[in-house]
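Only one chain is included here, represented as structure tokens and corresponding to the form predicted alone.
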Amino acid sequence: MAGVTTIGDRAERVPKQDRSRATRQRLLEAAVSCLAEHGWAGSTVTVVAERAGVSRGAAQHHFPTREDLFTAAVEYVAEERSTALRALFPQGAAEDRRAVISALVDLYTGPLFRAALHLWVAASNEEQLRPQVTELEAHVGRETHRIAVDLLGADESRPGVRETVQGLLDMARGLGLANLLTDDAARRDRVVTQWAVLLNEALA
């Protein structure tokens, strides 16, 4: 009958929705991998679609423009990393601030940071990309700051605490940049240890 949705129709629609979500997720993950490995110039929609195992048309169905695809990809993986970071400390504020600092620094030393860096550099030169990346960076920055405050047990109503937490995140980004060219793990470990000492004093 016209206008009536049968059980069979619903059963068919659910797997289709699942497939659509799975395709979108593959595209997002492939986009970040391509961006981290090949940079902006080498990461086209076609290259990402091939890596994800879908057609270019399917990719453009989910993300009409290249800019949409790559900003969504970095945001998606950033949210996944934020969720994973919180999962490391399910009880909230951790007594071991060094472990929190180390986990925060790790956010800036993996493929996501490398991909985001390529996106930032491209946005500095491409007008059509800049507004999306600026908005994305602000959103990711706010979320990372909020997580850091929660996990460090920082009271931002106290003078200087907000700036101290932001200084930690700026330091972590700097360590991530240093790690792009050489394995800086040994120095990074010493810096993390010193920052734990400083934060324990500043947040006491």
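The first residue of the shown sequence is 1; numbering continues from there. Note that the structure is a prediction, hence the values are computed from the model and not measured.
What comes next is about the form predicted in complex with a further copy of the same chain, which does not appear here.
- With the partner left out here, a further copy of the same chain still marks one of 24 to 32, 147 to 155, 54 to 62, 37 to 45 in the predicted bound form; by a 4.5 Å heavy atom cut-off that stretch is 37 to 45.
- The partner is absent here, but in the predicted bound form a heavy atom of Leu175, alone among Ala49, Leu175, Leu69, Val140, sits within 4.5 Å of a further copy of the same chain.
- For Arg130, a non-hydrogen atom is located within 4.5 Å of a further copy of the same chain in the predicted bound form, even though that partner is not displayed.
- At a distance threshold of 4.5 angstroms between non-hydrogen atoms, Trp120 is in contact with a further copy of the same chain in the predicted bound form.
- Proximity of Arg114 to a further copy of the same chain in the predicted bound form falls within the 4.5 Å heavy atom cutoff.
- Using a 4.5 Å cutoff between non-hydrogen atoms, Thr83 does not count as a contact of a further copy of the same chain in the predicted bound form.
- In the predicted bound form, a further copy of the same chain lies within 4.5 angstroms of at least one heavy atom of each of the following residues of 153 to 185: Gly160, Glu163, Thr164, Gln166, Gly167, Leu168, Asp170, Met171, Arg173, Gly174, Leu175, Leu177, Ala178, Leu180, Leu181, Thr182, in sequence order.
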